[in-house]
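Take a look at this one chain, the form predicted alone, written out in structure tokens.
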């Protein structure tokens, strides 16, 4: 297992080069002046764009530009974000914790609800719970994220005014900015929920949780639908296998047969799907974050792409590629924990 993990981690540089090289080649469609805009940090620099072009070799062949970018990236300089108006690494560092909070809040209902309903449907085939689950999965899978998100906003924000977009309300946002500037609010982890608790600001903690409700419902309703369907079909297939019939013939209790033998093997395709779900959540859910004005990675990269923020797009793509490799590695390791028959040599 250790050798397998090391081999997968050694694959990271290959992914890094492949992703960054592809984006750098695409960026050759832009003029040197447009690419130089990603390194402009003040209005004064606009008067001397040629110096930036010369410094970063933006008028040289693509391989010279790529090598220059690699050297700067090794120093931690990924450029300046026009969208966030700060260095790219700092912008990602500020937005990724928000994305992780949303991902963790949504992951439990997505996977938990999907597995529970899928299991219940398979164990009660053609009964009421099975019919209800199939309807839920079809509706959830067919419903576009932006439609459900807008509906929720219209009902719970527009009509009822229960939940507002964003991460926290304007009042708390102003208080938080002032306290951070004064040094009275310490960013221990940069996760707002955890930091608000550590600073004794339970009002900000509850406000943050309240703003997570609608995005989590949107993500859970859509993403858990596919897990329901995969779990149901996978468990039905497992229940018809010879090893399950053998376990029943030995006199094992039905709950032991279902949970220990059938469901454990049925979870393998669900783990694969859950891995892709985690990748999507951690990489930033563009539509959901945009609809609810949530300051995460998805909305940041989307805004960077629309504004031709070269540095932010490149760094964001590298970031997501690393998440994909690491998440797939975690899923492969979990395979061995769920099914002991799986071994990595």
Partner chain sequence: MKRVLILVAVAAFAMVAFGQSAKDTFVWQTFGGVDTLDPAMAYDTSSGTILENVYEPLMGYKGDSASEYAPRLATGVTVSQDGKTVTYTLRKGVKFQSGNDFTCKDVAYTIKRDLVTNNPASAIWFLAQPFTGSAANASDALGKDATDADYAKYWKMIDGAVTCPDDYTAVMHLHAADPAFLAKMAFPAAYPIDSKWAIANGAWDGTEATWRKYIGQDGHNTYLNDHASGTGAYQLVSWTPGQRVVLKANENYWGGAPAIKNVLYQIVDDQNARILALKNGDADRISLGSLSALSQVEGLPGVKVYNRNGDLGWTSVTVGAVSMNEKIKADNNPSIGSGKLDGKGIPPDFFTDVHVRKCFNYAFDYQAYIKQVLLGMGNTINFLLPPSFLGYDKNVPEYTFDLEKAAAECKLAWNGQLWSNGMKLVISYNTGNLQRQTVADILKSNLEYLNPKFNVEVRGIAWPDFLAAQRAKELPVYISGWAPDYADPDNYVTTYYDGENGYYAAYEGFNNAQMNQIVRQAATETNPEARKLLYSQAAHLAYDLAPYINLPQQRPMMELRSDVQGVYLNPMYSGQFLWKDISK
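Positions refer to the first chain, counted from 1. What we label the rigid core is the largest C-alpha set whose atoms superpose within 1.5 Å from one form to the other. Being a predicted model, the structure only gives us computed values, none of them experimental.
As for the form predicted together with its partner chain, it is not shown, yet the points below apply to it.
For the residues 259, 164, 272, 189, the 4.5 Å heavy atom test against its partner chain in the predicted bound form is passed only by 164.
With the partner removed from view, the residue among 263, 95, 201, 229 that has a non-hydrogen atom within 4.5 Å of its partner chain in the predicted bound form turns out to be 95. Looking at residue 84, you'd find a heavy atom of it within 4.5 angstroms of its partner chain in the predicted bound form. Among heavy atoms of residue 295, some come within 4.5 Å of its partner chain in the predicted bound form. Contact between residue 268 and its partner chain in the predicted bound form is not found at the 4.5 Å heavy atom cutoff. Although the partner is absent from this view, residue 64 stays clear of its partner chain in the predicted bound form, with no non-hydrogen atom inside 4.5 angstroms. Taking the partner from elsewhere, no residue among 21, 300 and 317 has a non-hydrogen atom within 4.5 angstroms of its partner chain in the predicted bound form. The stretch that touches its partner chain in the predicted bound form, counting heavy atoms within 4.5 Å, is 33-41, out of 66-74, 272-280, 309-317, 33-41. In the predicted bound form, 160, 161, 162, 163, 164, 165, 167, 168, 170, 173, 174, 177, 178, 181 are the residues of 160-181 with at least one heavy atom within 4.5 Å of its partner chain, listed from first to last. Comparing the forms between the shown form and the other one, the C-alpha position of residue 307 differs by 2 angstroms or more, with the core used for superposition.
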